[in-house]
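Form predicted on its own, single chain, as structure tokens, below.
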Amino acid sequence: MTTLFVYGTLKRGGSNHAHLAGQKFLGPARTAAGYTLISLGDYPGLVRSDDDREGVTGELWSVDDPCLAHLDEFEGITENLYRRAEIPLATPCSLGSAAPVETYFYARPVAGRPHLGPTWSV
């Protein structure tokens, strides 16, 4: 099982939430400062931001290996659209400070993309 931080269309109520069917919702969460969302049109991308002081809001999910493999394909890992990696969460966090959490980072150039700030509304 992998703990996954989702921040866009995979969140509850989001247009792609069905991809998390059968997985366990763990609760709301926020990343540590240093991350922001950029607009990719109909969906956001999460990127590092040295200017950010808030972090990004989202949800934590416990996902099994088959779901994670499906999400990697859906998120375009092999096309280098996104990359999955660990991300620190703001504290306090219901998981505790030692729990590793992964998310999908946007992996392509972001020049000219509008910054959305900390929250993607579904």
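Residue indices: 1-based, along the sequence shown. These numbers come from a predicted model, not from an experiment.
Note that the form predicted in complex with a small molecule isn't included here; everything after this is about it.
- In the model of the complex, the small molecule lies within 4.5 Å of some heavy atom of P44.
- Using a 4.5 angstroms limit between non-hydrogen atoms, T9 touches the small molecule in the model of the complex.
- Shown alone here, Y35 lies farther than 4.5 Å from the small molecule in the model of the complex, counting heavy atoms only.
- Stretch 75-83 is the contacting one of 75-83, 62-70, 47-55, 26-34, since its residues have non-hydrogen atoms within 4.5 Å of the small molecule in the model of the complex.
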